[in-house]
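Below you'll find only one chain, the form predicted alone, shown as C-alpha cells.
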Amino acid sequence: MAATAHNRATIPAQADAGAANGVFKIGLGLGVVGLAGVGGAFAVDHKQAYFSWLTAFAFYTTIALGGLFFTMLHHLVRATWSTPLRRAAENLAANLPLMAVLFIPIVIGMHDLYHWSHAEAVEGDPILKGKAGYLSPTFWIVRAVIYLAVWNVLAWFFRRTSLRQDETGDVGLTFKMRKMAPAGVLAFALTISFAGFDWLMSLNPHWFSTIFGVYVFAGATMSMFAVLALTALWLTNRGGLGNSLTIDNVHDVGKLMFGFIVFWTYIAFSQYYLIWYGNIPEETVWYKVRLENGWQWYSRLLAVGHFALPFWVLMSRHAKRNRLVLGITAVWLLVMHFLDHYLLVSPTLHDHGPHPATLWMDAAAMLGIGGLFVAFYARRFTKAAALPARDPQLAAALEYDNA
C-alpha cells in the first residue's frame, strides 16, 4: 500500500476564505433573484407557485438530510476514511434551520397543496374518512414540527461537538458522538420516512407505498454524495486543500454515489413492480398518471438518467478517479434528483400532462431556495476549518490509498 505521510500539525484544514466568500456572494445574489421570481409566480398563479416551492424545498431538504445521515453513519460505524469529508457533511446538515424557515410557505399553502386538508373533501370520500385521524391539518403540522426539531437538534449536536473538538482536541468528544449516533440514526430513519409520507406521498392521499420512505432516503443519500463529490473537487481545486484531500477520498465518494444509484433503482423498481403485480386501482392510479399524457417521457428519462447512464459511467474505476468525469456525473445526478421530485409533485396538479409554461416558476423556486442553500453552506467554510482538524483519526484517514 502506498502512503503519504501527514503530520497532524501541518495538515492544511482551512478552506480558502476568499473562494468561499465568493461562492457565498454568488449564491446569495442568485437566491435574491430567485425569490423575486417566486414573488412574481405567486402573483401569477399562487397554486402553481406552492407546488413549485414544495418541489424545490424537498430537493434541498433531502440533500441536507443526506448530510446528517452521513455524519451519524460515520460515527456509528467508527469509520476512518470518511473523516476528512465529515465537516462538509456537517455543514450540509447545518442548513436544516434554514429549511425549517423555508417550510413556512408550505404550511401557509397547505390547502392548495393537499386535497385531504379540506373538510368537505374528507366528508365525501370514504377513503379519506378512514385516514382522517392521521391526515388532519393540526396533527400534520405537529408532526412536521417534530421532524424539523429532531433533525435540527441532531445537526446542532454533531456539528457543535465536532467544532468543540477542533478547539480543545478532546478525544472524548469522539466517543460522545459515537454514543449519540445509534439513537440519532434510529430517530432519523423514522422521521425521514414519515416526512416523506406526509409531505410527498399524501399529495395523492388515495395512493400509498410502504417503502416510499426508503425511496426518499435513497434519493436523499445519493444526492448528498453528489454534492459531497462536488465539494471535495472544489476544496481540492479552488478551496485550497489540494494537499489535504486526496484523489482516494474523492474516489470513495464516487463509489458510494454509485452504490446509492443502484440502491435507489432497486427501491424504485421494487415499488413499481409490486404495485404493477398487485394491480389494485387505488395503487396503480399514481403510476398511470405518470405513464401517459406526456409524463411518460419524463418517467423514461428518469429511468435512463437516474440509473442506466450514471451506472454505466461510474462502473469504471477510472471514471470515479477522473475529476472532470466525476464532477459532470455528480451535476447530472442532481438534475435527475430534481426530476425525481418534479415527478413526485407536479403530476398531482397537472394530471392531464406537463405544463411547460409553468417551468419558469419551478426554476425560480429552485434558484431562490438553492441560492440561499449554497450561500449558507459556503459561508460555514469561512467560519470553521473545512476538515475536522483535531479529530484523532484525521491523519490516518489522509495516509491511505485504495489502489
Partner chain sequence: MATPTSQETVFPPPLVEGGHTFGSVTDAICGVVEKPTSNGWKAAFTAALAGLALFGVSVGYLIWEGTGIWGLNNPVAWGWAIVNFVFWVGIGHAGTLISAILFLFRQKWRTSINRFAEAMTIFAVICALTFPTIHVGRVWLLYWAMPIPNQMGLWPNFRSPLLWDVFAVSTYFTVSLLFWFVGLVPDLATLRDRAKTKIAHTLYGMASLGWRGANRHWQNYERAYLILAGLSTPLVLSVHTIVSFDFAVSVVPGWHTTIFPPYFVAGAIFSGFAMVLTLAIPARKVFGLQDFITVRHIENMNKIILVTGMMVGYAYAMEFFIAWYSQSAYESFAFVNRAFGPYAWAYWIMVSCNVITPQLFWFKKIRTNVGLSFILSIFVNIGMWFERFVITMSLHRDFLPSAWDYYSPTIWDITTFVGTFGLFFTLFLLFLRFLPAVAIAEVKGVMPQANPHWEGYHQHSDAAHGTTAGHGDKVHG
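Numbering follows the first chain given and starts at 1. Predicted model, so just to flag it, every value in this text is computed and none were measured.
Below, we turn to the form predicted in complex with the partner chain, even though it does not appear here.
- Taking a 4.5 Å heavy atom cutoff to the partner chain in the predicted bound form, the contact residue among 141, 285, 328, 274 is 274.
- Screening 152, 299, 202, 236 for any heavy atom within 4.5 Å of the partner chain in the predicted bound form leaves a single hit, 202.
- Although the partner is absent here, residue 270 sits close enough that one of its heavy atoms falls within 4.5 Å of the partner chain in the predicted bound form.
- Within this chain, residue 189 lines the site of the partner chain in the predicted bound form, having a heavy atom no more than 4.5 Å away.
- Using a 4.5 angstroms threshold between heavy atoms, residue 134 counts as touching the partner chain in the predicted bound form.
- Not displayed here, the partner chain is approached by residue 213 to within 4.5 Å at the level of heavy atoms in the predicted bound form.
- Between 193 to 201, 103 to 111, 221 to 229, 154 to 162, the stretch whose residues reach within 4.5 angstroms of the partner chain in the predicted bound form through a non-hydrogen atom is 193 to 201.
- Annotation for 375 to 395: interface residues with the partner chain in the predicted bound form are 390, 392, 393 [heavy atom within 4.5 Å].
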